[in-house]
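Let's start with one chain on its own, the form predicted on its own, as structure tokens.
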């Protein structure tokens, strides 16, 4: 872990034209960006995932590229929900797998959750590659290829899911989520936990718990809290997601004002 809280990838970031030295002021951010590019070249990340990552990166700048109090509180509440879950499920897309696959596997083992690959731009080939990546990180019985159930209210391929996973789960952790599926899962009566650096997104506003943080920090943070909390019901009872999102927005506004001395 670095001073800013990133789980820095072990390999040195390289490309055909660029080598990133650790002294570079944007080293950590560029390392993650390079992972996303590599993921696209391997067929794990869809090309639109680059756009999504860039949007998230911009919001990460705004929160200081480290876990703030509002994010830590949300991670704690997420851990509390997972603590009382009967059928927890972690939904994974290409970006999540590339950036936090190893941590996802560790969390799933800790909380006894199923992992399911669920994609907006769905293809069997890409699902297989993500499953293989997660298996290399130690994941077992990864779901996603079954496609034997449908999330009602969605007209695109992300409606296709596993009956044993998302469809029958009660608490669903959906990092880097799209808003329409979050809304659909809520209508199905599920508790939705999400990691979203954009506190204004539909996902952020509709989820039960929104962690406004980088997924590379949020997933290990959930796992840490999971091992520590003793009274999850009390933690959940006090939670107000809208208030926490407002805290995130207030923090961003204050940080911008302080930066420009307005």
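Positions refer to the first chain, counted from 1. Fair warning: this is a prediction, and the values are worked out from it, not measured in the lab.
Below, we turn to the form predicted together with a small molecule, even though it does not appear here.
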Work out which of the listed stretches, 38-46, 51-59, 220-228, 66-74, brings a heavy atom within 4.5 angstroms of the small molecule in the model of the complex. 51-59
Even though the small molecule is not shown here, does residue 235 get within 4.5 Å of it in the model of the complex, heavy atoms only? no
Should residue 178 be counted as a contact of the small molecule in the model of the complex, where contact means heavy atoms within 4.5 Å? yes
Against the small molecule in the model of the complex, would residue 99 count as a contact residue? Criterion: heavy atoms within 4.5 Å. yes
Please check if residue 197 has a heavy atom lying within 4.5 Å of any heavy atom of the small molecule in the model of the complex. yes
